[in-house]
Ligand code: UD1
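To begin, one chain is listed below as structure tokens, in the form predicted alone.
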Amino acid sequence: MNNFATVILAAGKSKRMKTSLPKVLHKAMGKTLVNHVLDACFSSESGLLICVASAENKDALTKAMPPETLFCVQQEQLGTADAVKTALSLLQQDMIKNVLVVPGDMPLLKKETIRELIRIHENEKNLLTVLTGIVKEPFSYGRIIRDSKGIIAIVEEKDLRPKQRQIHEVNSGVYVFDVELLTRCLSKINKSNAQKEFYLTDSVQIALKINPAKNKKGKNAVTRKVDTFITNYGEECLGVNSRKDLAVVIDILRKRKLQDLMDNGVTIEDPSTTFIDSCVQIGKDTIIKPFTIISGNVAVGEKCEIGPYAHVHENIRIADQVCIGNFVEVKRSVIGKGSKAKHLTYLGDTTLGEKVNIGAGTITANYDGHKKHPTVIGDGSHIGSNTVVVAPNVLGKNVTTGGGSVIPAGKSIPDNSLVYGVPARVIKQLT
């Protein structure tokens, strides 16, 4: 597909968000909106990736997008057609045949939907293929106008006639264009509409008026057409233009993730109170109890139990048969097979070996006011209730601490030790 390109539209300011952060860089379930879009629409094997940015947000987007991304700047927000026009020279320069155009604020798009959209476009040799959906509340979305032969126009909300407002098939804003057609359409689009903007949606009517191309012998080539693909999931058409919209898509993504986990052998006892980021991996036969939050780059093994009221986040690796219990927070840590931290515990920058038991009220004090420091606790250790392990520190294998002990930084407790006191000292060696 080296003659294929993806253009991400990300120049919008979205005044309704009332934000200094570019809209597409707001997060939903652990990933930015634009990264959700990229996951659905682009892979490094699929061709050229172009991002249309504004002068204000280009630097921020450059840091967030894949390194192979090419950037175009839309100097003024004059509409979607104007945005795409900024990318036209790159498409022509690289001899691109077909281009996928997609807004950067549509995190609900599915890979399967985009693949089918592209397949239809290429197999049917279309000039233009539009992704549409059926939604219950179409307000603010452009409507798909049809006759007996198919799509004849897309009409934006402010330009709708009264009867057209009853239409529930909406434009997603996602298109696959033949680049030659796109070039011709962009030269003809004007801003004679209520918004006084250059609408990419006008391409439908323009494309339908264009005569079939002539082949080298001067005869009409096979007529290519304007077509649609109606997604089975109308929610995919939802974009984010406000904080309310953001909350709606987060809830949908959350439910999708939980459903996927349950379909793959994970027990979610109460989906309504469970929040698990899109990128989290969890093994089968693990049980997630109510009021649990798992976020960031987290991998949980098989036959674990997490929660209730657990918070597991930021670069965590949890092996099989681990228990992280109620009111336990785990951050940037590795937890070995069969280990347990069942009550009221904080483990930060901590590596637990296998079959370690962490007593209630234990914390690893990882922050000295300037830097975070690691703690290592060896296999088979038993950490008594209300123990404070001040990092950096290494506790060996089979170490037992008495309740209420404070282990100073750099103490390095040897294997098979019984430790007690404030500050803690080795009472005896265990056999």
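Just so it is clear, the model here is predicted, and its values are computed rather than measured. Just count from 1 along the sequence shown to find any residue number.
Beyond the structure shown, there is the form predicted in complex with this ligand, which is absent from this document and is the topic of what follows.
- Distance criterion of 4.5 Å from any heavy atom to this ligand in the predicted complex singles out Y199 from the list F275, Y346, F71, Y199.
- Of the candidates G239, G325, G336, G234, G239 is the one whose heavy atoms come within 4.5 Å of this ligand in the predicted complex; the others do not.
- At the 4.5 Å threshold, heavy atoms of L78 reach this ligand in the predicted complex.
- Within 4.5 Å of some heavy atom of this ligand in the predicted complex lies at least one heavy atom of E156.
- This ligand in the predicted complex comes within 4.5 Å of no heavy atom belonging to T350.
- Shown alone here, G173 lies within 4.5 Å of this ligand in the predicted complex, counting heavy atoms only.
- Partner contact region in the predicted complex: 102-110, out of 353-361, 102-110, 306-314, 183-191, criterion any non-hydrogen atom within 4.5 Å of this ligand.
- Along 136-154, a non-hydrogen atom within 4.5 Å of this ligand in the predicted complex is carried by Y141, G142, I154, in order along the sequence.
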